[in-house]
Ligand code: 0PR
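Quick heads-up: it's one chain on its own, the form predicted on its own, in structure tokens.
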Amino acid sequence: MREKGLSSEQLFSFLLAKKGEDLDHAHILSSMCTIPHPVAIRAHMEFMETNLGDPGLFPGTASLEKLLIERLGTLLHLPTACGYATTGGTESNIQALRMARQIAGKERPNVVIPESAHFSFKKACDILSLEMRTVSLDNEYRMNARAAEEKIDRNTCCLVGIAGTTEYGMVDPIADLAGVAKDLDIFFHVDAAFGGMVLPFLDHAPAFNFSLPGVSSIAIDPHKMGMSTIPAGVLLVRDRDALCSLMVDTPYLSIKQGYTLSGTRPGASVAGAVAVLEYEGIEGFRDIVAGCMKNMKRLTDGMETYGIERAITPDVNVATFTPVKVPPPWIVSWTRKGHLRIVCMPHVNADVVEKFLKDIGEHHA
């Protein structure tokens, strides 16, 4: 540390210079996060000092977390869902697998996941000493339900499906997988960290939620398409006993037991997440999602006029294309199979899409 502190002017000159080194969202086409909604920012600022790790000290903020669970549970067809606000999909997925392992009580437990699963499942299996069995994808980059069933044995404690894959924006056959899980009495976790705030607002979206009896838990991230501040994930669970299997004693806190992974937990981003849900409502989110899907269609149509073909038609707003060089300053990403990947988040608006298409056209003329 410095012997003598900086002045406020010096400090913020330094900090803002560092922020200036960050990439501009106006050119970021690869992120599943976006610029937070103005009401999320305002709410976050109002709750900066709150700590949901000791909820008895912040009963008002704790009630907002309960409201968040209720709102998202209702959105996903289970108003009585239990759960809590996590730091995001990684924590939610770790906790889901931890629950499944606890409940199953297997000596050498394994989990069955698709090849398209987020890398957080590798972390979870490493931490929890779980054997990870990956299942191949079909020609539409979805998990093969029959192949998944063949991977399951008496030591399987959890089956995982993805609703909005990170690379291709696809939804696994969740209804079929839920049926398998129910028939075999296996915990079934749905990673809807991205798709959970998209699919409910689309017409004719594939089933992925608690309306399917075999679904045990769902990960959903308000800090993605929910436009909340970071970090704001949510783990929703059908059975309270499953969640309580994670309980540990917290004797010196205001609440004497807890099932969360993190100790100190920010209330600010929870307030931000609730703020956006309450402000926009179903109608607002339908418009936001419709705009993102419209922009993705325009992007896809424009790319294909240049001979840059889509890799697949996605279920949510993640567009992938045959490999092509992208000119600066645009920031894109690439799938493991080498496809160009663009996520049409709210900040990737119609003007951004047109500017990108113009640059792509000039670059490939």
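Numbering starts at 1 and follows the sequence shown. Remember, it's a predicted structure, so these values are computed and weren't measured experimentally.
The form predicted in complex with the named molecule is left out here; the points below concern that form.
Here the chain stands alone, but in the predicted bound form its contact with the named molecule, taken as any heavy atom within 4.5 Å, falls in 89-97 among 263-271, 277-285, 148-156, 89-97.
Contact check for residue 101: every heavy atom lies farther than 4.5 Å from the named molecule in the predicted bound form. By the criterion of a heavy atom within 4.5 Å, residue 238 is excluded from the residues contacting the named molecule in the predicted bound form. Proximity of residue 340 to the named molecule in the predicted bound form: non-hydrogen atoms within 4.5 Å are absent; the residue sits far from the partner. Residue contact check for residue 31: one or more of its heavy atoms lie within 4.5 Å of the named molecule in the predicted bound form. Shown without its partner, this chain lists 295, 216, 166, 229 as candidates; in the predicted bound form, only 166 has a non-hydrogen atom within 4.5 angstroms of the named molecule. Screening 124, 174, 193, 111 for any heavy atom within 4.5 Å of the named molecule in the predicted bound form leaves a single hit, 193. If you take 213-234 and check each residue for a heavy atom within 4.5 Å of the named molecule in the predicted bound form, you get 221, 223, 224, in sequence order.
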